[in-house]
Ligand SMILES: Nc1ncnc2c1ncn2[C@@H]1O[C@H](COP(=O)(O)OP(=O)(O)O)[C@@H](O)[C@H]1O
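Below you'll find only one chain, the form predicted on its own, shown as structure tokens.
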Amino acid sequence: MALLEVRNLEVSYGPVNVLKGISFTIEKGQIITILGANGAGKTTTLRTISGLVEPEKGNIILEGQEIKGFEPDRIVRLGISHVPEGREVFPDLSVYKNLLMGAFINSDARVVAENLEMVYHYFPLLRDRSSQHAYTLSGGEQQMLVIGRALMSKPKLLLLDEPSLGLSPKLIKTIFGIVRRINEEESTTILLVEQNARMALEVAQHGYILEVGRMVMDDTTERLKQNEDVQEFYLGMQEHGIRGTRRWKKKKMWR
């Protein structure tokens, strides 16, 4: 049984149809990436899975259970944690209290303490900064904090939205290295939305290409890296600072 199945998902904001019947599957233990230009619907996909956006049509099935329409807190309790774009910390709370906010589903102090130690294992800097206010952290440190906060619920599925946004190349490499370790050591399944296509394709095993609300391709990341359209519109353009804003060649849009 797949960990998550998304079937024919449709989402609109007013008259604008943002997701136009997308479908994809995530198996346990995978890192999956969704690539696409700005406005393709990537963030909306994550927000819909985590219950922040209500779809018009389709199904979202977690381990055989339909979760479409569930409240976000119930979805967290079922095992999905969402790290949104933009490093949304609680600025006036300490790092420690920010992390505890991610543990709201656990009433067992022992479990909370174990999960906190797990977070500090991956992000030792957060232990060193535990008494500091979150607003005093650098951008990279805040990104570590929001990922750590999401891990406090020990999720089955971690949704990551643009974790590299605004970070230096060195920090991007560090963050993605930790993401890979979390996947390998904790068996945490990860769905990654990322504009840094080259890094996303390096860390993930399978990828989907989303264009203006439609899935136009899915394959292993090794095959996607060899695909000439991916090379031209995501990898080649990225080197010149242009990130996949052109249309794919129509003859290769659908598989």
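Residue numbers here begin at 1 and follow the sequence given. These figures come from a predicted structure and were not determined experimentally.
Note that the form predicted in complex with the ligand isn't included here; everything after this is about it.
The chain is drawn here without the ligand; in the model of the complex, the stretch among 23-31, 36-44, 61-69, 214-222 whose residues come within 4.5 Å of it by any heavy atom is 36-44. The shortest heavy atom separation between residue 235 and the ligand in the model of the complex exceeds 4.5 Å. Of the residues in 1-37, those that come within 4.5 Å of the ligand in the model of the complex through at least one heavy atom are, in sequence order, 13, 18, 37.
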